[in-house]
Structures are given as structure tokens and as C-alpha cells.
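Have a look below at one chain only, the form predicted alone, in C-alpha cells format.
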Amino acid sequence: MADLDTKPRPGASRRDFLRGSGLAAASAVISGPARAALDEAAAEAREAQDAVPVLSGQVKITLKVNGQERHTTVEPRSTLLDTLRHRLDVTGPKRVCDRGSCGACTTLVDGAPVYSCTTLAVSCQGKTIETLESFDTGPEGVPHAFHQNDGLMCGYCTPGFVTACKALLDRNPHPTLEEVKQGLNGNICRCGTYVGVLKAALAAAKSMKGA
């Protein structure tokens, strides 16, 4: 009786055999229309990937900040916060947590409050960017309401609160206390000045209503 050859063949393994068998079975199951659909989807994915520009090095960008066209050069990874503060000398938004959890860097982009520390500057081209430097500081303005209602202590969180409050009042000029709390829940005050902040928001709403 001949001895059975139990040694694995060079260059092959049981795993390779099973993998090959599985691919062959899968290929046999896939019908012609299904294969055409898969090929079409793969082609569309490649076209979409090719359509996205790859940015590297230094990129020239133009940002509309507080009503002015501002030109600068940044790395594609630069955040809106870094670009505003270090390239354009717009220092209203503050860097505190630098991870999108405290709200001190809140900036308005097309009227919506965003964390500028987690927003890429290159993505803001063609959009309207507002910081508290452009807000009305008169009796009807949000900054005045914060001043009159002691809505600040150390001041680091204040720009973010003022910006978030303006965004809230722009979309809802007559908020209730609960709506104010909901609208400002993305901002944190480590000094605990929440009572003053809420009073300031309601006072600003009242002043805007009477304006």
C-alpha cells in the first residue's frame, strides 16, 4: 500500500484553497446583471474620488469674515479658529478645550453656530463668517445684555455664549427660558455664571423685541 502524502504542497495552504473555492463559488452565484451593477457602482465610486481635489502644502483661501473679504494662506488641515486668530487677527473666538466640547470658540457660519476649533478653514470658503467683533454693542445688542446682567466672570467662555445667544435670537426672537437653555446647551461656563447668562439672553430678546 502506498504511503499517503500528507505534506502541504509548496506555495499552497488549506486557507488558500478555501479562499479560492469561496471566491469561485461567489463568482458563480453572482448573475450577469448583478455583476454589471457592481462594476457600475465601483466606477462611480472611482469617479467621485477623482472629483475631490487633494490639497497639500500651503493653500490660498478667501474668507468672508464680518462682512469683509479676507485673503490668507493656510495648510489644508488648519482650523477656522487658528486661521481667524493667527492669520486674520480675529481674536473673539477663544481656544479653551480645543476639542469641540466647551463652546468658547463658537463662530457663526452662514448664520449657524459652529465650533471653529473643529471646522476646517478651507471648508468655509464662499460662506459668511461672523464673530462677536461684528455684533451690535448698543442697548439692543447681545453684548450689552451680558454686561448689564453680569453674564461673565473670567471672560473666556463669554464670546462663545454671546455668539450662541445671537444665533438663538436670530432664529427665535422670543424664546422661553427652556428654549434659551436648549439653545445654549453647547456652551460651558466653568465659573458657573449660568444665572447671569440666562438672564442676559432673555433681556437681549426683550430689548430686540422693543427695538
Partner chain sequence: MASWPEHPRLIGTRIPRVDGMAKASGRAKYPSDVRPEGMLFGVMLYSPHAHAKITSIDTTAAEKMPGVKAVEVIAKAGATLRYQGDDIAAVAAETEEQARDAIAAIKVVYEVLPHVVTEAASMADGAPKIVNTGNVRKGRAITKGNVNDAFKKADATIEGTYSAPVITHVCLETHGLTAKWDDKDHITAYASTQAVGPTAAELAGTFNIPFTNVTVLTEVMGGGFGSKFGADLWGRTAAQLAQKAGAPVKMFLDRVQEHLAAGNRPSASGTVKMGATKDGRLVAMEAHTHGTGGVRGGAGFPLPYVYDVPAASRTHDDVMVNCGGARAMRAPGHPQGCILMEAAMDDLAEKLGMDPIDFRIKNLAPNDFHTPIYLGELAIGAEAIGWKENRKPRGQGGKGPIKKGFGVALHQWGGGGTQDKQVTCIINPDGSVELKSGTQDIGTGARTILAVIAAEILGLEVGQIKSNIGNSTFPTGQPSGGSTTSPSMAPPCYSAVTAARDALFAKVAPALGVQPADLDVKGGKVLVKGEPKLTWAEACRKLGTMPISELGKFQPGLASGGVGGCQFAEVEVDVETGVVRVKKIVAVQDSGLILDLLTWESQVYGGVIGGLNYGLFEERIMDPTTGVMLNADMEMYKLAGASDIPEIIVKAYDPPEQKARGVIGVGEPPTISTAAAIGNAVSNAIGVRVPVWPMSPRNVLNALAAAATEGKA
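If you're wondering where the values come from, they're calculated on a predicted model, not measured in any experiment. Positions refer to the first chain, counted from 1.
Form predicted in complex with its partner chain: not shown, discussed below.
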Residues 89, 97 and 101 are flagged as a possible site; in the predicted complex, is every one of them within 4.5 Å of its partner chain by some non-hydrogen atom?
yes
Heavy atom to heavy atom, is residue 63 within 4.5 Å of its partner chain in the predicted complex?
no
Please determine whether residue 68 contacts its partner chain in the predicted complex, using a 4.5 Å cut-off between heavy atoms.
no
Its partner chain contact at residue 155 in the predicted complex, heavy atom, 4.5 Å
yes
Taking heavy atoms and a 4.5 Å cut-off, does residue 124 contact its partner chain in the predicted complex?
no
Applying a 4.5 angstroms cut-off on non-hydrogen atoms, the residues of 122-147 near its partner chain in the predicted complex are 132, 133, 137, 143, 144, 146, 147
